[in-house]
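Here we start with a single chain on its own, the form predicted on its own, put down as structure tokens.
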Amino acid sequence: MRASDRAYALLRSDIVEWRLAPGDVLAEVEQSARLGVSRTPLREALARLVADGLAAPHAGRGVVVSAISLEAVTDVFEVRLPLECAAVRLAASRGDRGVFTALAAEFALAGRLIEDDDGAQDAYYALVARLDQCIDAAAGNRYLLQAQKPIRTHLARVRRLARDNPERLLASAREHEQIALALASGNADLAEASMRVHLHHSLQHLLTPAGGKDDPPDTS
């Protein structure tokens, strides 16, 4: 792996996982030493992060981790909606129905994973990630997958804002179960409708004043 690719991967992970928070300065000297790369590949990595929207130039401070705003998240969902709907429609017509039947059964039991401790929530999000991966594989469209990657990166950042709301997560699990069941039936219209319902509820929960830092949204 090239030095710039390694620096990019490490910094991207630090930003998504909130080890580097919005507003943190990505100083060249400090980051070069921390990551064990020279300043030239680090600059390449920073340029990629800026292009991804994960970092931004800041006058007098070089490059900083970009902020997250509700307006920006709304913009992300506007792009996410048609991409996710296209993916489930393709997956419904091309996918292995048995795979999605099994995933639906796992989501039906997901209440066991949704507790207040971080480990349980991580297990639930791993299940969501597997559904995403199975949809991507079934859709079989590399251009669609490439378009979705930056959207999912920004959504991962939002998810880490604070502890998750167990009530919303349980509702999210039921919504994911319905998506998986629709895919298992091969019904593209139902799969798209189920995805639209899930994304609508996720965004509305995010934008609700009560869904602030003490009650953050699920965006899976």
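Quick caveat: nothing in here was measured; it's all calculated off a predicted structure. Note that residue numbering follows the sequence shown and begins at 1.
FYI, the form predicted together with the DNA isn't displayed, but the following is about it.
Proximity of residue 39 to the DNA in the predicted complex falls within the 4.5 Å heavy atom cutoff. In the predicted complex, no heavy atom of residue 53 sits within 4.5 Å of the DNA.
Among residues of the shown chain, residue 190 is not one whose heavy atoms approach the DNA to within 4.5 Å in the predicted complex.
Although the partner is absent here, residue 65 is not a contact residue: none of its heavy atoms lies within 4.5 angstroms of the DNA in the predicted complex. Distance criterion of 4.5 Å from any heavy atom to the DNA in the predicted complex singles out 26 from the list 49, 180, 173, 26.
Judged by heavy atoms within 4.5 Å of the DNA in the predicted complex, the contact stretch among the candidates 181-189, 66-74, 26-34, 147-155 is 26-34.
With contact defined as any non-hydrogen atom lying within 4.5 angstroms of the DNA in the predicted complex, the contacting residues in 1-17 are 2, 3, 4, given in sequence order.
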